[in-house]
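Heads up, the chain below is alone and in the form predicted alone; it's given as structure tokens.
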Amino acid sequence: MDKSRFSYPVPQKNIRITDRFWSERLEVVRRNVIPYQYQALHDNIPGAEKSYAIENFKKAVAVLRDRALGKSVPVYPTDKWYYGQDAPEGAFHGWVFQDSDVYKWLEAVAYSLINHYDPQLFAQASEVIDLVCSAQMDNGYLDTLYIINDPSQVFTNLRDFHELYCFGHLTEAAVAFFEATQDRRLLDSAVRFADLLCRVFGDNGKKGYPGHEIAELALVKLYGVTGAKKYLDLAEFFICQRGTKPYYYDTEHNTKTDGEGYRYNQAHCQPRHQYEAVGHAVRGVYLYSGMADVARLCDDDGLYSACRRIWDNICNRKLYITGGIGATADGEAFSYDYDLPNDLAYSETCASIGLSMFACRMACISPESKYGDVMERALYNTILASMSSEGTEFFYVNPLEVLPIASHCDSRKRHVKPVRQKWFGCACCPPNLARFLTSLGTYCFSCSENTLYIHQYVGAEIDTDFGNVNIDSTYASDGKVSVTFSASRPCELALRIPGWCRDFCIDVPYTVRDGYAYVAVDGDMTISMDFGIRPRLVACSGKVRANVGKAAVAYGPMIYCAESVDNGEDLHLLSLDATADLRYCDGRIIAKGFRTEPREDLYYDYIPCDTVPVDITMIPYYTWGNRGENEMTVYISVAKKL
């Protein structure tokens, strides 16, 4: 690692997003998503699956009070991932990680308060924080499943259950809320829990590590805000201990395995020796994000090399064109190389968010445009697609091809929903989306001692140590960006050149390194850029079996798709004419093509089928599913060779 190239995200409080495209979406999050999710966490959404999240915290408070009074409290099992309506009334309900939904909501609120202070929202969050803090045990432990059901089982099943995962989200929310408001209540709660973990785990304690990662990167954040190195040390311990032999998960379950079953948890071998993205995709990218943080702060080149190997494996062999990862519903996991089915894709929203977190950290270690390119792909496609235009319905799974009848009738495709859902019993994605979008600016801009890096072209006003910056951007619609810099001292501006761009213009002198155009800034300066956005066909490696003979349509950072509401049923009968121009018009792309006229015979001696010319109407992938249940496809057959 070259420390001279390190940069750090610009703090959210120093960024005001002014971009029309993104401001509209952030306003949807503020006005609709956050209030809607508050109601969902309180089980007040008619027709939606119950969350039980707030209810569990209230139960935990009552249980702790009764125990303090010496009352007899029932003990319930802690042996399942999900506790439904058949669970006893006084027991924990929902998924084992249900607490984390509350923490993610609080984190989204924190960022929203930075962007737009709202006293009513602060009061709601304050009430929830008081509830959370009241549910904490005297020793700092905080997980409602074990507090309610059986505290004797604390830290006995790290592999399967989510105490450390919930701690991670508590800590991220706590840091964000403190930075937003200087209110220490949640931060003090997270510190108490972290101090307990430091006493329980480590070289002189338990040799365990999280089954579902995120505590690692959260501990790094806690170290950043408190300066207490023991939190960084614990993050490093969790990462370095992971996958060592004898396997800790064997020890806690009294088994002896070869470790292959722990690929799901990325615990089959030590992270520094891993070279392939395997297992549960969300867990994976959260781990890789923590690895990147620890590698930088602990000057660990071996760990950083592993991050680069894994990054290359994801982006060259396991990444959907929409920025989705995790191809298979079996374990919500990375599949084998080049296995990227369109109609069976899992591509969980949380996984694309986690991939963006990983990309951001890698770009801050080494500014190479490939990291921003992948973040952009995820951001403008899978992440945005996961929320309805009103912000009150959501996708958990983000396929690239949908046939509604298959989703309803074929058990292999029941994870694929043809319309967004009001909520989920396993509701990790909606609050994760809210916290990501409200903190968008920190993923777009970073600073080193002398350089401001623009990783994403989101219009914003930014305060930096070397001056004020105003970015005026219509990047999403026409690829044009203007940056006005009022520099208080000489510095550099680093502008990412998008990977999709074939012809760009920057109207001042610059030099290019690793996909960034570096501009020397001294005093007041305005820089205009035009990235030459145009519709284009994108082909896929022939090693991806699902896409042989097909292509996708893209416009700048956005991938487009066809829906049957525009093109009629049986989208698989459409073919693109690769020789014809693609026409962009008011956000849609019109492509010349053909529709095959199918025969009624199930089988017949081969003769070419008749085709008729058609105009194929395509819309941005992130907008699909907003006009009712209908077919959708990203990849379309190509009538002539590309």
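Here the structure is a predicted model, which is why all the values come from computation and not from measurement. Residue indices: 1-based, along the sequence shown.
Same protein, other form: the form predicted in complex with another copy of the chain, not shown, and the subject of what follows.
Colleague: Find the only residue in S411, N204, S72, Q85 having a heavy atom within 4.5 Å of another copy of the chain in the predicted complex.
Modeller: Going through each option in turn, the one that passes is S411.
Colleague: Which residue, V128, C166, A135, L403, has a heavy atom that falls within 4.5 Å of another copy of the chain in the predicted complex?
Modeller: Of the candidates V128, C166, A135, L403, L403 is the one lying within 4.5 Å of another copy of the chain in the predicted complex.
Colleague: Could you tell me which of 395 to 403, 142 to 150, 302 to 310, 89 to 97 sits within 4.5 Å of another copy of the chain in the predicted complex, going by non-hydrogen atoms?
Modeller: Checking each option against the 4.5 Å cut-off leaves 395 to 403.
Colleague: Using the partner position in the predicted complex, report whether E390 sits within 4.5 Å of another copy of the chain, counting heavy atoms only.
Modeller: Outside the cut-off, so no.
Colleague: Does Y338 reach another copy of the chain in the predicted complex, with heavy atoms at most 4.5 Å apart?
Modeller: Close contact exists here: in the predicted complex, Y338 approaches another copy of the chain to within 4.5 Å, heavy atoms only.
Colleague: In the predicted complex, does R599 come within 4.5 Å of another copy of the chain, counting heavy atoms only?
Modeller: Yes.
Colleague: Should R377 be classed as touching another copy of the chain in the predicted complex when contacts are defined as heavy atoms within 4.5 Å?
Modeller: Output for R377 is yes: heavy atoms within 4.5 Å of another copy of the chain.
Colleague: Who in 518 to 549 is close to another copy of the chain in the predicted complex, meaning a heavy atom within 4.5 Å?
Modeller: Result: R536, L537, V538, A539, C540, S541, G542, K543, V544, R545, V548.
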